[in-house]
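Okay, so here's just one chain, in structure tokens, the form predicted on its own.
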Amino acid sequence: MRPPRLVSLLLASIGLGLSACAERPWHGIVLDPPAPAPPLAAAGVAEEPASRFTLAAARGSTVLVYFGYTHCPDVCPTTLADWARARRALGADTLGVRWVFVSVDPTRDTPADAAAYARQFHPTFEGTAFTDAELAPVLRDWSIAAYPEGDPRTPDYTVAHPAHSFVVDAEGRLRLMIPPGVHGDSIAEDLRRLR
């Protein structure tokens, strides 16, 4: 009687262990429960009417949103480079994923500047910028801070901004925040799990 009971307990333990292993950790920070994403609408590039971006019109797609600026010396270019790696890792799965860079430096960045900057990393990446007046409600709605540091006329002028990417699912809900430094393959893995 005893050996079969011991064997069944061991098998149950192994089963529980395998079940725990099957639940892979996320690389991004999971927002649970997910919340509706705040509105985000930008005029886009004047000479490209189709470049107008609205989060509402992107419903049905997974959208990565990053708030940065084109003169950023560190986290912005490394994040967009990781996005480009993630896009390559997704391969054919990139349909239904949009990558949106939003400048929080209205002093220097126009929508055209932000669009050109984003496209340096991949031609499908979108970029936009806001005026001071337009940016204030966006920062408030997204509960983020972005502000200039220093004099814009000097080379050491920078803009403080969030370092993580927001991931909005196809239903328009905020699902993940991806910290800087998460490798492209890991971003791709999280995006596949959302779909």
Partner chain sequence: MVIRLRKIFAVFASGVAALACGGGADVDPSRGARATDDDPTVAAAVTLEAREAWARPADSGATSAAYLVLANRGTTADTVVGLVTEAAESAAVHQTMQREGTMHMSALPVLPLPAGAEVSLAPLGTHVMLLRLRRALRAGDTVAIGLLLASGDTLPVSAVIRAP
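Every value quoted in this text rests on a predicted model; they were computed, and no experiment measured them. Numbering follows the first chain given and starts at 1.
There is also a form predicted in complex with the partner chain; it is not shown, and the following applies to it.
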Can all three of D32, P39 and R173 be found with a heavy atom no more than 4.5 Å from the partner chain in the predicted bound form? no
Would you mind picking the one in A163, A58, L64, L135 that has a heavy atom within 4.5 Å of the partner chain in the predicted bound form? A163
Contact label in the predicted bound form: R87 to the partner chain, heavy atom within 4.5 Å: no
Partner proximity in the predicted bound form: R98 to the partner chain, non-hydrogen atom cutoff 4.5 Å: no
Touches the partner chain in the predicted bound form: T158 (any heavy atom, 4.5 Å): yes
Residue-level question: is H71 within 4.5 Å of the partner chain in the predicted bound form, judged on heavy atoms? yes
Residues in 134-151 that come within 4.5 Å of the partner chain in the predicted bound form by at least one heavy atom, in order, are A145, Y147, E149
